[in-house]
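The data below hold one chain only, encoded as structure tokens and taken in the form predicted on its own.
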């Protein structure tokens, strides 16, 4: 048996491991903004309201396609899937998957000319959202198949030959998966050890390694694997190359070592995959060598949009459970929903769920426009909604008390309404981790947010010769001599809306004003920390959260303005919009305060963390328990 734990060669010029990881990540990211990004504008002090207003909602024709498809899905779910049974048996019925295949669920994102349904991003996310509101495990299986499985990267980067060969099979229901994570590699691709070695004749690659947490992997027929290929030399440094390959599960040398089980999503198919001298044809390489991470990141841009829509669906379910219980349950002579403490919880749940709905609507709408760059919008939507959904589900449990903590099966067996709140919490928790943990999302958003500044400042900071440094300085001075004063100048602009009242329209000026303040703050931190700014993760986290909340307010205002057109409860909807914006404005102000005090706060926190790590505080840890 071949040992797949390969030694990593030392990098040239003694480049540190951290530098190698940063260089690989930086080399793989999309550096150019070929199309405009509304979210990127916010971080640079520009509030492009006209880019998102009036809201570009789904056409009547496209909505009809989605409505009809969802009706077909509903019939299959109700007839063949019992979510409680899936959770208990840890298996989605084979008959259910067969029926989902028949109606095209495995080809939702595959073009019609290759046998798929060719759904718009909006209809695809609507379908996944609907499925997740019934059975999260089924939604994850289908999403992993086409959002981050083979169809999406093949659609974006595959050759015509590859598409003709695999698309019809995938659309017909052959399950797919994406093998990226390894036992020792999470978000740091520089440590990837799975290798793909090109044969001497150039006809095939030989793959060795192990992949972990591969959703659908144990039963998938067609998969994509990320592996390191021959490194390149760049600036006298050896740079690891990560490449993407298609392979089929019946290829000799492929093994499923373990099926993983989790606290939630009990019905998903996830496992450890091993590769021992697995030989695949050279034509199975997607794009070219070294494009693997770029493909993975681009695939995730659209793949991440499934998480916010599913989060919004979960929030709406929790609101439904909470509304019914808060109206029925009487304590101390009043419905519990009439008590201030519970009213506050319900108010925040309602506002935050509405925000998730609006963020999902705006982000998927932007994704359907090929002339817009959505890398930041998708990351923001994924990060913000996955965090909010967990909070909303926890609040729902708090409102229902013991009945929220009790399983739906137990509730049913003793004659009570079997609200699956306990299962929803378990299923939702993974959303803050998969497809980029919240912490990684913050770093990703931060890097993209400061892209303009880094692009200008780095040549100056890293220049070694006086001549190059002077040239870089002139370029810096030329840009910031006009950019910076503009961020202090007040904007007198009448932002056009159709139905927002004066109170909600005033929030547009708040976004514009604070986007400029955010841009100034980021610039000030660049001056203070220079290249070390990338290490100030907590400070950048505050800036990220400010930008994220400004984006959320923008989504609420543009989608809300559209909803007001046909609402029979205009005053109530205006109040909902106002309450969310009012709450969020307070949170934004707090982040600015904390960012200003960050240095002092982090000095204390880092000291405490070091004391914990070095064992100075072990007096309160029961070591005997840890040794069991």
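All of these numbers come straight from a predicted model, not from anything done at the bench. Positions refer to the first chain, counted from 1.
Only in words, not in the display: the form predicted together with a small molecule, which the text now covers.
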Practice task
Could you check which residue among 522, 349, 148, 142 gets a heavy atom within 4.5 Å of the small molecule in the model of the complex?
Solution key: 148
Fill in the blank from the handout: As a check of understanding, the residue in 439, 257, 75, 503 with any heavy atom within 4.5 Å of the small molecule in the model of the complex should be identified as 439
Exercise for the section: Using a 4.5 Å heavy atom cut-off, state whether residue 179 contacts the small molecule in the model of the complex. Expected result: yes
Problem - residue 435 within 4.5 Å of the small molecule in the model of the complex, heavy atoms - result: yes
Problem - Contact test in the model of the complex: residue 262 vs the small molecule, heavy atoms, 4.5 Å - result: yes
Problem - residue 537, heavy atom within 4.5 angstroms of the small molecule in the model of the complex - result: yes
Problem - Listed range touching the small molecule, judged in the model of the complex by heavy atoms within 4.5 Å, from 214 to 222, 362 to 370, 88 to 96, 445 to 453 - result: 214 to 222
